[in-house]
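The form predicted alone is given below as one chain in structure tokens.
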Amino acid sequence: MISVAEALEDVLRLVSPLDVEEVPLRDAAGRVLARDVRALRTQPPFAASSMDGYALNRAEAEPDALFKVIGEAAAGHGFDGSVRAGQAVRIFTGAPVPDGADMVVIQEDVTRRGNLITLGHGIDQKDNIRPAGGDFSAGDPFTAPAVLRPSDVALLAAMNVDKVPVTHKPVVAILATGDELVQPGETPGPDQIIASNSYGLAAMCEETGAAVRLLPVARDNAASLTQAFTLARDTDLILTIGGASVGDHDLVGQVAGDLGLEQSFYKVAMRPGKPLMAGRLGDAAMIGLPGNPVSAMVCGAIFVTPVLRRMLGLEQLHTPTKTAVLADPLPANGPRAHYMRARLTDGQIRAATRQDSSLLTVLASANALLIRPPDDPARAKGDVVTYMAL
């Protein structure tokens, strides 16, 4: 049995960043930018008015000053000419500031009669002009790697980038095993339960940026498992759920071994999640997750998410750990690291009273995993402890 840290090192060694593809900007949201891109234009490409008003020479902007309006500038329609002494141009937000003007007096500070304007006594001293290149300039980089948010997509669009280099989505095959399992919506027999783990892990993988192939449930026999592994061909990562322990019906390791699994480790000193294994099967990495629902989801958060992030070429692989004050005392921990379902509220963290690895209601109500190191001594209320957010 190896430590969590050793297991993490081993699973991360199984994978490397995937290849790069170019996608249309419209399809780039949520993808991982794989290479730096550079702005193809300057924004704004010209000095632009930030307000509706009148463009004129600042040196002439005095209370009661009189100007002749010689034209108009609107967004997309600049004024073709120059502003000279005693002249002004009616201008609207986003319009290019005409030559000879270096200030926009907002319309609220102006009185207009025909083609003449008079400035008021409370003129705002701001020039109300957005300078050319005030946002970015042609050639400025958008740095990779980065998960592209909606605001990033907007920025790339403004940079006139229409094709985006992104990392291929890891293709993940999820294979639940067990005669006791049926799919959601089916009617379970008297000795059966619903295959919940597959759906939780699929959501976790997709949230991280993977494309998921949800395979049919494999039954507890070698033929069914062999056929299921065949369906997982051409994927980047195979996640099996259940069947990785040492019972008479736990056949995943045996069948995967017969198919050529190069196993890295089996069993990790952690709760929940001890019967975890990993290795490479053909061209894919494989992680064998425990069958208990909470165990599978916790191991997904600790091991699967970092593996996917490495495949996507991201620099931050692990969910950052933080500290909080313990709301209730905790007894001494045993020899395995314990990832306790917990609630973080106002800087205080409280472990759930029930930590059984089958209780999905407890996991669903948790927003953190309180991390107890192996052989951690008893903790008192008010002690500072480590956690990772869920």
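Sequential numbering from 1, following the sequence displayed. Everything quoted here is computed from the prediction, not taken from an experiment.
Keep in mind that the form predicted in complex with another copy of the chain is not shown, yet the notes after this line are about it.
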*Could you spot which one of Ile193, Ala222, Ala138, Leu259 gets a heavy atom to within 4.5 Å of another copy of the chain in the predicted complex?*
Ile193
*asked:* Please tell me which of Gly200, Pro98, Gly313, Gly300 lies within 4.5 Å of another copy of the chain in the predicted complex, judged by heavy atoms.
replied: Gly200
*Looking at 35-43, 345-353, 57-65, 326-334, which one sits within 4.5 Å of another copy of the chain in the predicted complex if you count heavy atoms only?*
35-43
*4.5 Å heavy atom contact, Asn160 and another copy of the chain in the predicted complex*: yes
_Residue contact check: Thr361 to another copy of the chain in the predicted complex, 4.5 Å heavy atom_ = yes
_Contact label in the predicted complex: Leu317 to another copy of the chain, heavy atom within 4.5 Å_ = no
*Is there a non-hydrogen atom of Ala154 within 4.5 angstroms of a non-hydrogen atom of another copy of the chain in the predicted complex?*
yes
*Of 62-91, which residues get within 4.5 Å of another copy of the chain in the predicted complex if you count heavy atoms?*
Glu72, Ala74, Ala75, Gly76, His77, Gly78, Arg90
